[in-house]
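Before any questions on how it binds or moves, here is one chain, the form predicted on its own, in structure tokens.
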């Protein structure tokens, strides 16, 4: 795994040293040993990156749609050539099983460049309404702050949309999983992204705070915890810049009482444990008819106990470690809270899985008989922990699902798709999946309430980086 630029930042089309030397180790979550180090930036590095992005903006904003389509196509081609490497890097730095890291994690990142390129073919930047022109133009310099759990996906969905819109940018990836971001910067450099258009500064909270508050940044796109998202918004407020936030989730998964129940429960448990439960849209609250709680518990227990937990490098591994010691300890504390609150441990529980004494491994854990006021029903655990909750009827299920500060995603499964769809439309969440339909990279991704504001992916992601101008009395 290449780490040749781990001590540098990508600013103004070149790899440069930080303003002041400072590094932290990057830990392999499977071994708890250092993979290497990465440089940490400062406000001075952010200033330099923003200046480069500002200087490049007018020129890049004036490029044609055809030019930007060609650029996005080149990026996708270079990414494809380094696809296997991307999977290896993500697996090593954040612990995803190698097969999952390559197919899904790396694949999601590459897909956003292709989708953005294709959407530009029919994207209308100028429309006419009588003698008024409605012009959509790039917002300016975009600050991007991204997390560690889906590193390529979260970086690429922002970068692809910003390039399609004609914006320049400064990225701060997570310092916990920074190597995939450096690889993306190498891909963009090789594909010929113009000097100053894309800039990367690694760092901790100091860099993120500098981006949020910077007066020369026109828009901030943040993905991460609700707590950190609030901080970004507060720091951005004095400059009245646009802030897009994709934050936490505690997604309800309503399983209807019909012949598809067993399959829906089984697949719902597997999806909850995917990526070691480290997905903001994971279906972590499973709502089942009260009369079928015992059946659901037995099905979930069987899935959890059959789950192969182990080294991310093993092709047979289904679930690797969580990303860090901090995450591991948080998950353990929340499992203990579930036990203290009286929820029934059906599978898993506290501690590491048997035979895995090193690494940040968590037992696939299932709680049954969970009630809405319990801590494990309210807090985002961000680990492989499922809470099974009873409901009386469809109205009760909708009430429980909606009675929550988060509203990122929700799920409904039932053999009658029309019935499931009617329930889906009543759920207050930004994304509702019926019968575990596959993800659509063109669909809007984002949430209600404390799950954030704004949308990413597809056309909606491009629109986040555009301003709307009315030109009245414009010549035809």
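Residue numbers count along the first chain shown, from 1. Since we're looking at a predicted model, the values are computed, not measured.
Omitted from view is the form predicted together with a small molecule, to which the following refers.
- For the three residues 147, 228 and 232, a heavy atom within 4.5 Å of the small molecule turns up in the model of the complex in every case.
- Screening 318, 204, 257, 118 for any heavy atom within 4.5 Å of the small molecule in the model of the complex leaves a single hit, 204.
- Listed residues 190, 85, 341, 175 were compared with the small molecule in the model of the complex; 175 is the one with a heavy atom within 4.5 Å.
- Residues within 4.5 angstroms of the small molecule in the model of the complex, judged by any non-hydrogen atom, belong to 217-225 and to none of the other stretches in 296-304, 393-401, 217-225, 359-367.
- Among heavy atoms of residue 280, some come within 4.5 Å of the small molecule in the model of the complex.
- The small molecule in the model of the complex is not approached by residue 93, whose heavy atoms all lie more than 4.5 angstroms from it.
- Interface membership of residue 57, defined by any non-hydrogen atom within 4.5 Å of the small molecule in the model of the complex, is ruled out.
- Interface membership of residue 154, defined by any non-hydrogen atom within 4.5 Å of the small molecule in the model of the complex, is confirmed.
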